[in-house]
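There is one chain below, alone, in structure tokens, taken in the form predicted alone.
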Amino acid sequence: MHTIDDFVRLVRDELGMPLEEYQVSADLDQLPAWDSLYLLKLVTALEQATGRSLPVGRLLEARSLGEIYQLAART
């Protein structure tokens, strides 16, 4: 997972969430049907895609998928 496009594709494929690229910057509360289970699934998928552990505490503080992407991309 190198680009934001890869991230959006991962969210769509692994979570089954219909996500448009413009929604990446939206607050998680504004995403249809977003809940904590999506976050857990996303953390697992990101760790598998990147091959490394991610800072779960910081991911829990993220307010958007864009913030989650930034954390995953730089970790």
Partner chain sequence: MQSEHSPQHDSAPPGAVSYLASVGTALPGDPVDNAALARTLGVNEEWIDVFIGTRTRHFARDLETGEVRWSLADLCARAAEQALTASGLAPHEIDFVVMGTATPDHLMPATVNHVVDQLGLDQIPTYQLQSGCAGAVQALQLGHTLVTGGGHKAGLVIGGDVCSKHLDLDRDLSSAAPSDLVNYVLFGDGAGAAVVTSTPRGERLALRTVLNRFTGLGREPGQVIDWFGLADRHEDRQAVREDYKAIEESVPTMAVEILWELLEELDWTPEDVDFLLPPQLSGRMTRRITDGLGLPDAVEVSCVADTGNNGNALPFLQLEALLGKIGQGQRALAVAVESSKWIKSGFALEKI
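Note that the structure is a prediction, hence the values are computed from the model and not measured. Residue numbers count along the first chain shown, from 1.
Omitted from view is the form predicted together with its partner chain, to which the following refers.
Remark: G51 does not count among the residues lining its partner chain in the predicted bound form, judged by a heavy atom distance of 4.5 Å or less. A residue is said to contact a partner when one of its heavy atoms sits within 4.5 Å of a partner heavy atom; V43 meets this definition for its partner chain in the predicted bound form. Interface residue remark: L39 is counted as part of the site for its partner chain in the predicted bound form, having a heavy atom within 4.5 Å. Proximity of D35 to its partner chain in the predicted bound form: non-hydrogen atoms within 4.5 Å are present.
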